[in-house]
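Before any questions on binding or motion, here is one chain by itself as structure tokens, the form predicted alone.
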């Protein structure tokens, strides 16, 4: 190999093609709004012993990207992402692409393998990923669909199954049903045999029905406690309803699963509401829960299976390239996007 262009001392094996020492990437050097994100030329990452380098075909934008870009709530910074500035300046986590190099401790993948999963700095031509956060790309799934699925998909899967314990025939209410996590939650719940009602904005109601909801409710016209029925499970992604109001929508022994929190303060975000729900659950018959999504093969593998068998199909509501990442994030913040925003980086080989 030409070490002038591929100087990667940690590689156990690399594909027989030049790996450039620099690449294009969507980068932020400080926290802030979308204007802090710029397309820059940066050094190509090197893998550790249990990591791989992925030649990125595409990635996806979700609400997590916005939180990491702004550094808000401030609790994110204390969680290890950088107090004054981002530790990882390249944004993006969802990834689909082709392995071009593997670390010395990696046995699951070889250069040339097409993969999907979670990477560090996926809004770039090359990204480094832990091998245990990737799976082989199913033959039935396109790079584009894989690229927008993992982060939101595994969050929805955990909310419904591990935490929500959804079962066939149950009535499920998904609040925030048109967004990244919500669009997957509606589809997964329907695939598992639940009767799903989705809450979203008026312009998104047709999309929510297309995801598999038997009923779509405009939150501006109808409060959730005025829908006219109660639910065995409520998946609350939007985070803007009071616990009292949500409890009125639950059956006496129903379950609430809070996914994140978009309506809290600058310091803790929606964490305070989440904590109150868990504490209240100790004194009532209803299960009021919140959780942090686990980025593990335990969920990535079954998600890939659901994509492969057609049980779920990601909805791409917006599309951009690396140069347009900042504008696409701004669009998500200001007007919202149905489903996910696809970031095309390179076409699959």
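Residue numbers count along the first chain shown, from 1. On a predicted model such as this, the values are computed, not experimentally measured, just so you know.
FYI, the form predicted in complex with a small molecule isn't displayed, but the following is about it.
Residue-level contact is defined here as any heavy atom of the residue lying within 4.5 Å of the small molecule in the model of the complex; does residue 332 satisfy this criterion?
Output for residue 332 is yes: heavy atoms within 4.5 Å of the small molecule.
Contact label in the model of the complex: residue 178 to the small molecule, heavy atom within 4.5 Å:
Output for residue 178 is yes: heavy atoms within 4.5 Å of the small molecule.
Though only this chain appears here, would residue 291 touch the small molecule in the model of the complex if you measure heavy atom gaps against 4.5 Å?
Result yes; residue 291 sits at the interface with the small molecule in the model of the complex.
Please run the contact check for residue 92 against the small molecule in the model of the complex: heavy atoms, 4.5 angstroms, yes or no?
Flag for residue 92 set to no.
Of 146, 234, 196, 259, which one comes within 4.5 Å of the small molecule in the model of the complex, counting heavy atoms only?
In short, 259.
Which residue, 127, 115, 238, 157, is the contact with the small molecule in the model of the complex, using a 4.5 Å heavy atom cutoff?
Partner contact (heavy atom, 4.5 Å) among the options: 238.
Based on heavy atom distances of 4.5 Å or less, which listed stretch (119-127, 180-188, 137-145, 97-105) is in contact with the small molecule in the model of the complex?
In short, 180-188.
Using heavy atoms only and a 4.5 Å cut-off, decide whether all three of 67, 200 and 204 touch the small molecule in the model of the complex.
Every residue of the spot touches the small molecule in the model of the complex.
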